[in-house]
Ligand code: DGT
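A single chain, nothing else alongside it, follows as structure tokens in the form predicted on its own.
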Amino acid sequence: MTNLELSWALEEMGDLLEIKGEEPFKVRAYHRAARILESLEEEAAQLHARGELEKIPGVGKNLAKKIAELLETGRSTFLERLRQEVPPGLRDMLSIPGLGAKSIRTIYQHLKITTLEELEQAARERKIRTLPGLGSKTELAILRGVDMLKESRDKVPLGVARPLAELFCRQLRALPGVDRVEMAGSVRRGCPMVGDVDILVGMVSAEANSLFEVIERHPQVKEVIKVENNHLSLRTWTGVKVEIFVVPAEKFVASWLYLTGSAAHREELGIYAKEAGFSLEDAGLPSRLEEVHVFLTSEEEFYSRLSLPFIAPELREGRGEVKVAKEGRLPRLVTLEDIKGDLHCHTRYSDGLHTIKEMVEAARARGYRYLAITEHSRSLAVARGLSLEQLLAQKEEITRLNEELEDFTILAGIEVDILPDGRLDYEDEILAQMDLVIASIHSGFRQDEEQMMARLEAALRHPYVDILGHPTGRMLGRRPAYAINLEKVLELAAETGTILEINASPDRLDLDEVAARRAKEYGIPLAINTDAHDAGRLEDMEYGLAVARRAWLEPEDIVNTWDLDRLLKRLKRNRHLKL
């Protein structure tokens, strides 16, 4: 049994103990030992043979006995007992992306739910968001996860595929003989919906079959679809298809190139190479994965051989990027290091999980210089929208906190609802007091195009609306965009000077890359915002950046890459527009 398999067993023990309500220190001990085993350089079996299991950091006498039993028998009586003690339905819930053992324990304690069917019903009845430490985002994750467990889908959101890819990559790197592991394909390109997760493994020793035998036993794996030569195709419990390709280490870069770019990108490269008298195969890009014969040290080396600058993975879609690269006009794509703040997040005042101070601390840890607190407005009762009194009280708290902060500014904002009749959810004299106003639609989704456009136009022309939030209202894999004329929305935004949001929540990614690129052409400034409902979700910025990079956006196109003074001047300009 490999270190990775031991890690999976200890991780499951820790999860089941947490669901049972065991002492936190005991749960942490199992999870810590699991992480250490996953990254341990020497195999635990060799340490056991020398009687040195207790030399592993975090492994005491008790854990050493459990590891020894697993190594000697391939099973654990302790784990088997835990599986019997915890209701099977609770164990099934661990398969839902984003739902951990702690949340499952909370749900079980308060709602006595023991099956996936009961969990789904509670989420649809909006009971989950009322529980301590949970919220509307958890409800959405549950509904999405249960749907995925019920049926295999052709495509899943990037927010599901990417964490799964990262998990497999991290764990594959821990296996013997592995030199390098990277995600490829549509996940690496940041596509919002992903058909499968492509992972490339470069090996310096051992056979692919030995690696496949371990991964086939991965706790996420429901079935093995195909094992063929150096290719393993799996399906996880959530229905996501995972394709693992194994190549010798010296063929890794060329194979990574092949697996990353779309067929259209490879076709563009082929046309360019033919016109320039190059051979793609001789430069390092094989015509088939099995036919690598040029060894590259980096992807940059390949493009350099074609006399081209490096083309970022997000651009490798066959949308004219090769021609633009040839002409030296590739954009300097926005990066996480360019982002100076987040302009859309929620706290405990509405349906968020953390305090303003906790959100600020998380933002500062990311190197941000500012953060806008933008709670839901009063009409959105399901999200605990703020009454006028609560809004003003929050604004006072923000003023006090700003007096204590150095080199950081909290903006007192609001995400105000665009009501079905086009009015905003607060009066103008209230909106005028806010540092920043986001206008969003959260109800009346089934209105026809004429009604929806009237609502959006009223918001875009409003003198106190700075940003149009999640402009099309889509929820990836769950809800299509509203009935709107998007080109007309872009024209109005350009006319009124309203900033459009790229909502980085992996459930939305709204605007999409096509609309965001059109917005750039119109000269419309954009904001990449996470819509975070807890401190951890500030990390979703990377998903919004994927959209922006696929849209060819540069730092100058994104207002939250700007210094605060410049941003505030830009926001204030809208205050002077006439109704």
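Residue indices: 1-based, along the sequence shown. Owing to the predicted nature of the structure, the values given are computational and were not obtained by experimental measurement.
There is also a form predicted in complex with this ligand; it is not shown, and the following applies to it.
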task: Given that the partner is absent here, state which listed stretch (349-357, 417-425, 182-190, 106-114) has heavy atoms within 4.5 Å of this ligand in the predicted bound form.
output: 182-190
query: Can any non-hydrogen atom of L259 be found within 4.5 angstroms of this ligand in the predicted bound form?
result: yes
- request: Answer yes if any heavy atom of G477 is within 4.5 Å of a heavy atom of this ligand in the predicted bound form; otherwise answer no.
  value: no
- prompt: Hey, in the predicted bound form, is D196 touching this ligand, heavy atoms inside 4.5 Å?
  reply: yes
- prompt: Does K251 reach this ligand in the predicted bound form, with heavy atoms at most 4.5 Å apart?
  reply: no
- line: in the predicted bound form, the residue from R384, K395, R266, K137 with a non-hydrogen atom within 4.5 Å of this ligand is R266
message: Please tell me which of R378, H442, K155, R319 lies within 4.5 Å of this ligand in the predicted bound form, judged by heavy atoms.
response: K155
